[in-house]
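One chain is shown next in structure tokens, namely the form predicted on its own.
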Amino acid sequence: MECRDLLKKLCSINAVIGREDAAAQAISGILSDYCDEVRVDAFYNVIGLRKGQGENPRNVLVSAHYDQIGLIVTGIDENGFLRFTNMGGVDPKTLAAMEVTVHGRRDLHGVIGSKPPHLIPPEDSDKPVKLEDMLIDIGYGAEQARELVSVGDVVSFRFPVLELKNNRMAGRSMDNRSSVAALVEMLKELERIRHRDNVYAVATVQEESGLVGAFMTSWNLKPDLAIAIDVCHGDMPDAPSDESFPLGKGVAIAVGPILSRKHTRACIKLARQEKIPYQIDAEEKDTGTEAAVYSSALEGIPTLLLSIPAKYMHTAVEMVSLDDIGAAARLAARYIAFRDELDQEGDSND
């Protein structure tokens, strides 16, 4: 399956935070084509193992979370409208007039209604609509709505994956299904390269609600090296240039205090040698990604962070470049295979 089709398939899977069971089976099926073993743990982290060819293989963890932001029903009013709150980092100003799927007793098509400007008092016309003031309309009255929907049901955004010019794609859940695509592309690359170490390719859950899957995975696998693949902010008008990265210019290699200096330097050197396009992402703190968990788990796991630039993060139109996904995949695979041959001079945190 080409990366383009793989990304479409991954983004079509619904796995709103806490409802990852069906998605876990689909992702397990994808990973099984490239791994020696695949299992799903009790919390629906999908763990694929590609065995190394070395006599005494070490364990390398490469992870990408697959949970998606969404909504959760908190009430049903007397007119059948659904009240809701966010699951993960949902920006309220992007929700008005959004199409959604309410995952009740069966999937229901709904819309988040928006009051016409004609009915908004002038003093409120410039004010943002608060999350608690929005409602989902599924077209039913209260009695039918309550038969089909319960408090606690989750809601996902309806938005197709769009193919754009210049090898770019947009849609919901590019954060972080694009990194799961990179995980699969990495495994494809490893089929063509001899690697000494065992590689655990893990699609993790609930990064958006406290890095939960990463905590479980680090203690479960106890790796010798961890590589977290995630997205970073794509460059766009008015975005700070030191916090955003242009699409199509390569994988962003993070440099920061919690990340292994030795492995980061070697990874950058390899990217140059292999002519893999890359950018440098300076992270002053904990990165806000699964790398923060791995670097402080156990006795401290040497950790790398590779990021795919994504525009419009935490909306239904997140945009990535297939070229950057490929660059992240190639760099991760080749670093796993060739890191022992690299000159790893300098200080390290491992």
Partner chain sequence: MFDTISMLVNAFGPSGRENRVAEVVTQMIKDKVDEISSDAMGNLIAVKKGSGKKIMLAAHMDEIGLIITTIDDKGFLRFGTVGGVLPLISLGQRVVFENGLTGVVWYEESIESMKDAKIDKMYIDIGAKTREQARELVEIGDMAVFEGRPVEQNGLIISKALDDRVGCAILAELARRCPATDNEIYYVFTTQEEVGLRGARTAAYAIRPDLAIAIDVTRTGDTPKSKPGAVSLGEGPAIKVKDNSVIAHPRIRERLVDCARENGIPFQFEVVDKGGTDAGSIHITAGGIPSGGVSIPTRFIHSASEIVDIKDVENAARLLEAFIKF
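Residue numbers count along the first chain shown, from 1. Source: prediction; values computed, not measured.
Keep in mind that the form predicted together with its partner chain is not shown, yet the notes after this line are about it.
Though its partner chain is not shown, can you say which of T101, Q279, S209, N167 has a heavy atom within 4.5 Å of it in the predicted bound form? The option sitting close enough to the partner is S209.
Name the residue from K188, R261, R83, H233 that puts a heavy atom within 4.5 Å of its partner chain in the predicted bound form. Of the listed residues, the single hit is R83.
Distance check, T74 to its partner chain in the predicted bound form, heavy atom within 4.5 Å: Yes.
Flag R19 as yes or no: does it have a non-hydrogen atom within 4.5 angstroms of any non-hydrogen atom of its partner chain in the predicted bound form? R19: yes, in contact with its partner chain in the predicted bound form.
Within 4.5 Å, heavy atoms only: does M87 come near its partner chain in the predicted bound form? Yes, contact at 4.5 Å.
Answer with yes or no whether F43 is in contact with its partner chain in the predicted bound form, where contact means some heavy atom within 4.5 Å. Yes, F43 lies within 4.5 Å of its partner chain in the predicted bound form.
Given the stretches 190 to 198, 235 to 243, 261 to 269, 212 to 220, which is the single one in contact with its partner chain in the predicted bound form, using a heavy atom cutoff of 4.5 Å? In the other structure, the partner sits against 212 to 220.
Looking at its partner chain in the predicted bound form, which residues in 142 to 159 have at least one heavy atom within 4.5 Å of it? The stretch touches the partner through S150, V151, G152, D153.
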